[in-house]
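Before any questions on how it binds or moves, here is one chain, the form predicted alone, in structure tokens.
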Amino acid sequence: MSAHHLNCEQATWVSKPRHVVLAALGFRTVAILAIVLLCSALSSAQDWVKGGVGLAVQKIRIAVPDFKASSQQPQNTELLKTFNDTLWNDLDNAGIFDMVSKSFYPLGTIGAPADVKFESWSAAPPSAAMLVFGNLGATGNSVTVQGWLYDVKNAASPQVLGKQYTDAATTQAVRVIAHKFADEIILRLGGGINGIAETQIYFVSSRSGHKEIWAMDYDGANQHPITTLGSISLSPHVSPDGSRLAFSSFTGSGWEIRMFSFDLNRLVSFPRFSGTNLSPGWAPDGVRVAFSSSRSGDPEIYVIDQSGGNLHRITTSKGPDVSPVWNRKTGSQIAWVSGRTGLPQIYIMESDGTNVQQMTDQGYAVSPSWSPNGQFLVFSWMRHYGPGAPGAQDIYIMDVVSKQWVQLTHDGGRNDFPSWSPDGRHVVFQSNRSGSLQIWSMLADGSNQKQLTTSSSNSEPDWSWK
């Protein structure tokens, strides 16, 4: 086996006494020691990422037994399965919990506080710190869910959370209740950061025969179309308050920025400009939209009010300027892609176009997305670009101040269009690793990668702000 084929685990054996290693390896020692140092650096970088995105804290060991039926209605079976599966998946996806395997649970069901035997849950084998339990029951056309979160190591005052929900006795309503309860738990145990179980992801899908804008729940459920224009629509970006969706669409005469109102459930008027107009991005104030337009001949970045007024240009260099995204925390900076030096690279600037800084300086870098805390960019990067060049198009995360970066995906097809979740702990992106272009999600350190779509071709995901 050549030195460059060793992975981090295989390289650790070179910690044997120096004279043994030298005798066994000779000149290869230097190469292998270099791999050890590289693995150490990569581990340090992963720790840096975990700390910055809130995934470095010790995971809370939590038990989530199935909720108990509180009535005898026949629809309870289906409703309970939907609720229990959804709640478990929401907490498992959060990235902050160590989910206790159900094979470790003590016998018996828990539907109310009186059923809790604290030592059975806090001691081995469950060794849980937190316990989630409750009951669900349908009565006529409505369903009621009671849920509790207990600190089982504090028998004197165990209750952290107690909630009751009532809604229609449908699987969709029960899914929503589970999302709400999961988000309440995550808020209390996740450092005061809101959960994402009730958030939406917008994306482009060709399953209708045309590229239209679609939406789905954060976990891939409830996929449904937003537009039915029968044309080509791209680059969906939802406003911070969730009331509008800006996107680019081919109208027959050219590419225009379109605006869809969720309050009115229809397109609303927005100015049409000459040239090609693409990739709208919202400022965190919800008032301004940045986009790329070739109305002056060369694609440049413009900013306009969401109502269509106060248009002004903020880039002036030769070469295409596209894909603007705002610093979601401050609203004072914009990251974008420019070809002013040749191949596309990531840049940042003040929102008025001043103080331009180049963030990448090699390969082919596109599709930046700014983290909610303003500290990071994620983007798609082919670091070695050209015929026969090693590597693939992968998702990277970069600290904006230091320009330190870490690779999140590794040679699994072509990965592009990353978008941050509002809690800063997750990233959604497109990839063709499964054979067709689909939407995937992962934790912001690159772990727990999951495919969310399967039907037809799906791309360009955008995660809602809340």
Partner chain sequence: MKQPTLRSLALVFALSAIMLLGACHKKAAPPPPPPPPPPPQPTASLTASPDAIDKGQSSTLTWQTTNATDVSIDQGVGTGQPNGTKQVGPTDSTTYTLTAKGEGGTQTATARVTVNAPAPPPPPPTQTLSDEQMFAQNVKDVYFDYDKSDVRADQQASVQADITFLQQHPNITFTIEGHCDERGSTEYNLALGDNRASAVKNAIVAGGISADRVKTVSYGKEKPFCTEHSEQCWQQNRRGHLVYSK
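Numbering follows the first chain given and starts at 1. Small disclaimer: the values here were computed from a predicted structure and weren't measured.
Absent from the display: the form predicted in complex with its partner chain. The rest refers to it.
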Task: is_contact(F67, its partner chain) in the predicted complex, heavy atom dist at most 4.5 Å - done: no
TODO: May I ask you to state whether V322 is within 4.5 Å of its partner chain in the predicted complex, using heavy atom distances?
DONE: yes
Task: Distance check, D416 to its partner chain in the predicted complex, heavy atom within 4.5 Å - done: yes
Open item on the list: Check F262 for me: does it contact its partner chain in the predicted complex (non-hydrogen atoms, 4.5 angstroms)?
Closed with: no
Open item on the list: Considering non-hydrogen atoms and a 4.5 Å limit, which listed residue (S367, T315, N327, T360) is close to its partner chain in the predicted complex?
Closed with: S367
Task: The unique member of I232, L311, L267, A123 whose heavy atoms fall within 4.5 Å of its partner chain in the predicted complex - done: I232
Task: Within 4.5 Å of its partner chain in the predicted complex, all of G254, S294 and Y385 (non-hydrogen atom) - done: yes
Task: Stretch in contact, per heavy atom within 4.5 angstroms of its partner chain in the predicted complex, of 158-166, 232-240, 67-75, 184-192 - done: 232-240
TODO: Quick one: name the residues from 442-466 with any non-hydrogen atom within 4.5 angstroms of its partner chain in the predicted complex.
DONE: E460
